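First, one chain by itself: the form predicted on its own, in structure tokens.
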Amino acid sequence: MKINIIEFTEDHSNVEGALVIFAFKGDEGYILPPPSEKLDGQVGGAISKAAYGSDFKAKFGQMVEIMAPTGIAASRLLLVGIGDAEKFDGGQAEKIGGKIIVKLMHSGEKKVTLLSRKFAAAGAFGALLRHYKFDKYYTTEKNIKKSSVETLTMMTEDAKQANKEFADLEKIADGVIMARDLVSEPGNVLYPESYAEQIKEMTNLGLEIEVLDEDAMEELGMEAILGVGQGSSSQTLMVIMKWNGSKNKKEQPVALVGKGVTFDTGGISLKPGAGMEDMKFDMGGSAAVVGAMKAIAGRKAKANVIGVVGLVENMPSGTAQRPGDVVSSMSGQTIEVINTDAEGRLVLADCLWYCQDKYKPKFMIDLATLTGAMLVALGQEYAGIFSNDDALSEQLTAAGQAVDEPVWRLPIGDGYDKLINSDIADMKNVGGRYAGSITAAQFLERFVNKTPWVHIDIAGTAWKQKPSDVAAKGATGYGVRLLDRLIKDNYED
């Protein structure tokens, strides 16, 4: 879908396709801002008649549709409520953009024009995100159901500024869409080697890409991540993405780390068969990091950023890791593997240690679809965060509120940390029945070496069973906007 942002004009009689106008709540129902009142006259009062007949009160997202209005070129008019005009902001504009595209994407209309006036960039961004659909494997017309909308035009009072804002938002959308694509791909298409090849294509954005293979990781003592993948015929890989956008190229980078288990059977601790097909999205943390790096490079962020993802497939076989095995890690700490389905923390253990040891970052943020317990605790509304740094947690919380990717901080501490002590090794990879998300975070903290750090458990937010205003059912791309906003607001020159 192509996005155009143009200057607002008073005459809309020649606009073709679907014409969208907004109304806000008034003391006696709704108010049409100018020149929509004039437009109502041009169509013989059809707007006010339709609004009255449908009890339109301009509630947020309420819509009235008028087909083939006389007196203008548009094939349909869509009247959309935005609620209280004073409370309407960029976040609401994104949601309205998404709602409108859902209404019209299968209408047969090829052209859609919105008299947005303000927040045009945000509205276009929301529409672009909601327009996304992962449909590459459909082959029949019945299943494909392609959107008819080819062009979305936003009319605004300051098109120059709106286009400038949208230029960055479009790059962020590219990152979100890439993350969604990666999470949606089946395990036979996206596996460590193919995943690494996709990441390497981002060198065209100016990213430096380095891939560590199994031999390199073995030399570094990364038995934790290698143990997870030893039952698979696919290689285990670690991919490092570097963006040096700061004026000071030697400035300490910020670091993003992602769990990339491209398919998780649970290994020898095999998961139940029902629903196992969904375990293709156990690499959602890595997808968020990759998408964020694409967004950061795409908009030429003025910051130094490192992205590290551990790519591995967790499979049962004659060579697979066993419950009860003891492995070392790059840190030198030993781990008793109680459950091979608690594999994501093993992957992140070596990724985090490698990242802090080699790059000495200002901080590290890791993302992972780590624990089912996170869904029990927070459902699909919030991601849980765990941290050793209050200031960083507050910055991340603020960023989440700004982009509607909310996070909720949960505790860590010595009492929880003792739950992962092992009888035969430095630690075990699970801590028992209770506080599963917290003990997983405690495990990770043992590998950050006092570097400021936040762990984000996105088990409930990476994939959703119901659509939202800006995302279809399925992969959400959660984390891309969150990470990008954190860096934009706090760590750019």
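Counting begins at 1, following the sequence as shown. The structure displayed is predicted, hence computed values, not measured ones.
Absent from the display: the form predicted in complex with a small molecule. The rest refers to it.
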Exercise. Among 264-272, 329-337, 68-76, 173-181, mark the stretch whose residues have heavy atoms within 4.5 Å of the small molecule in the model of the complex.
Key: 264-272
Quiz item: Is K294 a contact residue for the small molecule in the model of the complex, using a 4.5 Å heavy atom cut-off?
Solution: no
Quiz item: Would G83 count as a contact of the small molecule in the model of the complex, using a 4.5 angstroms cut-off between non-hydrogen atoms?
Solution: no
Exercise. Answer with yes or no whether L375 is in contact with the small molecule in the model of the complex, where contact means some heavy atom within 4.5 Å.
Key: yes
Exercise. Could you confirm whether A383 comes within 4.5 Å of the small molecule in the model of the complex, counting heavy atoms only?
Key: no
Practice problem: Let me know the one among T369, N304, S116, T236 whose heavy atoms come within 4.5 Å of the small molecule in the model of the complex, would you? | Solution: T369
Exercise. Note which of I420, A342, L169, L220 lies within 4.5 Å of the small molecule in the model of the complex, where distance is taken over heavy atoms; exactly one does.
Key: A342
Quiz item: Taking M1, L129 and M155 together, does each of them reach the small molecule in the model of the complex with some heavy atom inside 4.5 Å?
Solution: no
